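Laid out below as C-alpha cells are two forms of one and the same protein chain, each shown alone and named structure 1 and structure 2.
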Structure 1
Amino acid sequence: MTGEPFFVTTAISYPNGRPHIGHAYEAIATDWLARFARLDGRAVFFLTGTDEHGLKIAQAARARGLSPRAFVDEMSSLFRKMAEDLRISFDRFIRTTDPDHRVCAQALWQRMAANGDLYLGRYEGWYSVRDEAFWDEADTTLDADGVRRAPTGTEVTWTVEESWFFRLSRYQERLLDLYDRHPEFVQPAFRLNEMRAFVERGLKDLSVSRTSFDWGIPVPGAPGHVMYVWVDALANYLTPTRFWTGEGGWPWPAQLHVIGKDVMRFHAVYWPAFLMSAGLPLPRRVFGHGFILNRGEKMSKSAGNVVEPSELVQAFGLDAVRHFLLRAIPFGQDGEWSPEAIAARANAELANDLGNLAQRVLSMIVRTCGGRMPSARPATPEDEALAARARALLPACRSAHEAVRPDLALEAIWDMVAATNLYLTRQAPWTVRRTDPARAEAILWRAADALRRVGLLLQASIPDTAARLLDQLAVPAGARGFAGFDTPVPTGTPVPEPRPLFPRLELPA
C-alpha cells in the first residue's frame, strides 16, 4: 500500500451544540490514519468539517434569536477550533455553506435526475428533526407518555409535504450485490451484517427535498424546495474532487470514510445508491466506530455528562488525551473513558514505561558516552533478537493501519517498549560498563535505536511528544518518515541532555 494516495474523511459534524469527546474521538482516530499514511510516503487528503443545513439548525438558530447563517458561523468556528486544538492535521475543513459545496451538491442532484431517479410526489410519514431522518411506523414506538419515538430514542412527528423522491428501491439488489462482492466496503464486519439486514427488509423510495423550511441548498429547477440534509451532507465528500468540472480537484473515490455507528445507514445504503445513480465510483470503505461512553453511559446534555475536549486537554495535556483515546478503545467497538482512566494510563504507559526508558537510556549515553551516539558493536544474540523485533514493528503497524485499528498499532508499539525495558534490565549496561565499556555502549545503542523506531511511529498518535523524543535522540528532521525506519542515527552524533517527556498526572480536584 505504500505510495498509494489516501483520501480519508470523518463524518462532518452537525454543529447545533458544542463539541464533545465523541467528536474528538473520531477526529483523533482519523488524524492518526492520515498522519501515519503521510509518514509512510503517501499523498494524503484529509477532509473534515461541519454539516450546516436542515430543520434542526433552523430551529436552534431561531431559539437563539439568530439567523441560521450567524448561528452556523458561530458554531462551526467551535468545531474548527477543537480540531486545531487537538492538532488534527486536516487538509480541508469543509462547511456545507461553502459556495463550491453548493455547486457540488446541485451537480450531484442533476446527475441523479438525468438518470431518471428523482420524481415529484408527496411525503407523509414520521420524521425525527433531531436525527434528520425518516422512519417507518413499524420502526417507531410509543413511550409511557404517549410520545412516538424513533429507534434512536428521539421524538418523531407526522410530516406531510410535497417532496422530490429518490428511487432508492431501484438499488436494493445492486446494494446487496455490492455487499456480497465487496464485503470490505462496510467495516467492521458486524456493521456489514446490520446493513445487509436493513436492505433485505426492503427499500422504499426516499424523500430528498423539503418545502416546510428554506435553510438548505436549493433544488435545481424546483423553486421552494431545498435538499434533504443527507443529500447535501454526503455530497461534501465529493466537493474537494470538483467532479463537475473534470479537473483541478483531488481524485475520487475516497479510500475511507470514518463515521459513527449511528450514521451507518446514510453512508452504507443511501450514499452508495446516490453515487450509483450519478455514475460515480464508490468509496473503498466505510468504517463505523462505536460510541465512547462516560462510565457506561452515552454522553448527552440531558444526562449532564458532556465534557468538552478542551477541558480534558487542559486537565491532562493533549498527548495524554490522544494516547488514551487511541490506545484504550478497540476501534469499532464501544468504549469507556473517565478522568481516572486517562490519568492512570498516562502515568503507567507514557510517564513510566516510555518516559523512564528514554530518560535512563539517554542520560546514560550523555553521562558515559561523552554525549554522543555510541557504537553498535559488538552484537550478541540478545541484541539481534531486539533488533529483529524492532524491524518487525513497522509492518505490524502498517497492518493495523490497513485494518483501521490504531489501538492494535499502539499495542504493538507498547509491546516493543516493554521488550526494550526488559532488554535493558537484563543487559544492565550500568554494571557491564565497569568491565566492558564497548559492550555497554552496544547495549545503549540498541536501546536507543529501538526508541528511535518507537518515536517515529508515535508521530501519528502523540506528535508533540514524539517530536521531543526524536529531538533528544538526535534524529534529523529529514529522517523522520518511515522511509528511514531502518536507518540508525550515526555513531558519534551529538546527543543533547535529556529532559523528562511526561509529567506524572494527578486527578483534578
Structure 2
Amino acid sequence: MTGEPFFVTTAISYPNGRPHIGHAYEAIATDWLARFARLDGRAVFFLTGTDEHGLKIAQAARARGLSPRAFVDEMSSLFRKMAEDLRISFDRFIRTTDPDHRVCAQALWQRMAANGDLYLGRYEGWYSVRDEAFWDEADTTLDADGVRRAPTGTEVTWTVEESWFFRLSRYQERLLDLYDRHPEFVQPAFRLNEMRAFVERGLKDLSVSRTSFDWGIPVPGAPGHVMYVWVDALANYLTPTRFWTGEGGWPWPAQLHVIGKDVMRFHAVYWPAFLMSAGLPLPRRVFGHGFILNRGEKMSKSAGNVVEPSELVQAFGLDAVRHFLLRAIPFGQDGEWSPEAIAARANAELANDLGNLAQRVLSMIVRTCGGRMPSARPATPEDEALAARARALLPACRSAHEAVRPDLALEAIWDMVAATNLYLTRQAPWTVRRTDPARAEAILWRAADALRRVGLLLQASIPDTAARLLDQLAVPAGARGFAGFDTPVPTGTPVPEPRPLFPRLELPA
C-alpha cells in the first residue's frame, strides 16, 4: 500500500531575478506531495534548487559588477531562503554550480556521446554581439536603414557558431511510443496531446553547447564549449542518484517532476530523449501546473504587480497562503490570486469552518468532560454516517495525491469539516447533556475524532496549523502518521484548554 519510494522534484529556478509567487506556488504544491507521501509512510526524496548557468546570469552579474559566481551565490540564497520561509521540506536544495552536479552533467553527456547521439555541427542565426544572443528571425525587424535589429534594438548579423548537437531526430518514434504506452507520463492529459502533436510534426536536432560564453559546465573533451541549458539543467534531477558511480545515491527514476506549463516540452520531450540516449530509466510522470495570475494578469515588473512571497507570508501568515494556493486553484490550471481572495479563503475555511469547529468541540470537552477525551459509547446511525465519511477521507486524499490534485484533497477535507459542523449542530450535545451526559460525550468524541483525522491530513498542506490542532486534540507525536488514521486518542487522555486555532484576518487596507 505505501511501500513505493517517492522521488519528487520541482523545476530548478533560474535566479536572474528574485523569487516570486510562481516559484512559491510550485514549491508549496510539491511540498504538499512530499509531506503527504512521508505521512503515508513512504520513503521520500524531495529535490528543488536553482539553475545557475547561462548567458543571462552572466549578463545580470556583469550589470551588478559581480562575478557570476558571486552573483549566483547571492541569488540562489534568496531562493533557498524562500523555500525555508515557506517550510518547504526539501531533502536537497541543488545548485547547478554544485561540484557533484558538474560531474553528473558531464557523465550524462558522455553517456549520450557514447551512444552516438552527440555530434559537432554549426549553429547559425541572427546574432547580436551586444546582447551576446541569437534571435529568432521572426523577432527581429529589418529597419528602414537596412539594418536588422533585435527586439532590444541592437544590430544583429547572420552568424555561424560551432556547436554540439543532440540527435533528437532519432527519438521521434520512441517518444511517440512512450506517449502511447504511458499516457500518464505527461499530465494533465491535455498537455500530452500538445506534446504528441509537437513530436508528430517532426523533430530537429538540438543545439546543446555554446562557445559564445563560458559561464557553464565544460563539455568533456571539447575545449571552448560549455553545455547549453538542457543537458545541464535537466541533469539536476539525476545528480542525487550518483548514477555515474553506481552507488550511494537515491534510486533513479523519479516518480514525478512537478513543473510549470512553460517548461513542458523540455521535460516531456527532450528529457526522456536524453535519458533514452543515456540508457537510463525515465521518470514516471511529468506534471505541468498553471500560472498564478495577479487579479487576472500575469505578473511583470512593468505592470508593477510583482509580489514577493515573503510579503504575502508577512501579511497573511504562511498557512493562509499555503492553504489558498493549494485549495483554490485546480492544480494544472491557471489561477487568480488577490489579497482579498487569500483573506476570504482563510477566514471562511481556516477560521470559521475549521477553527471554530475545533473551538466549539474542544471547549465543551474541557468544560463538560473533565478535560479528558471522552469515550465513544454505542453509535447511532448519525454517528455511523459521520464515521464512515471520516474513514473514507484517507482513501479520497490518497487518490487526490496520486492524481496530483491537492485541491481535490482539500475539497474532500473541507466537505468533512462541513459535515462535522452539521453533525454537531444536529446532535446538539450542549442540549443533550442536560438529560443524557453520556450521549453528549459520545457526540463530542465523534466530532473530536473527525477533527483528528482532518488534522492528520492537513499536516501536508498547513503543517503549523495542523500541528496546533493535533496538539489540542492530544494526539501523541508518534501517532500523527497516516498509519494511525484509524487509531483514536485513548479515552481519558487529558485535553488541554483550547486556544483559537486560526485568527480571523483583517483585509489589508
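Whichever C-alpha set is largest while still superposing within 1.5 Å between the two forms counts as the rigid core. These numbers come from a predicted model, not from an experiment. Numbering for residues begins at 1 and runs along the sequence of structure 1.
Student: Pick one: which structure is the form predicted alone?
Tutor: Looking at both copies of the chain, structure 1 is the one that matches the description.
Student: Among Arg95, Gly484, Leu282, Glu124, which sits at the hinge of the chain's rigid-body turn between structure 1 and structure 2?
Tutor: The listed residue located at a hinge is Glu124.
Student: Name the rotation angle of the smaller rigid part against the larger part between structure 1 and structure 2, given in degrees.
Tutor: After superposing the larger part, the smaller part appears rotated by 46 degrees.
Student: Could you check how much the CA of Asp136 shifts between structure 1 and structure 2 after a rigid core fit, in angstrom?
Tutor: A shift of 6.9 Å.
Student: What is the C-alpha shift for Val160 between structure 1 and structure 2, rigid core superposed, to one decimal in Å?
Tutor: In the core superposition between structure 1 and structure 2, the C-alpha of Val160 moves 3.1 Å.
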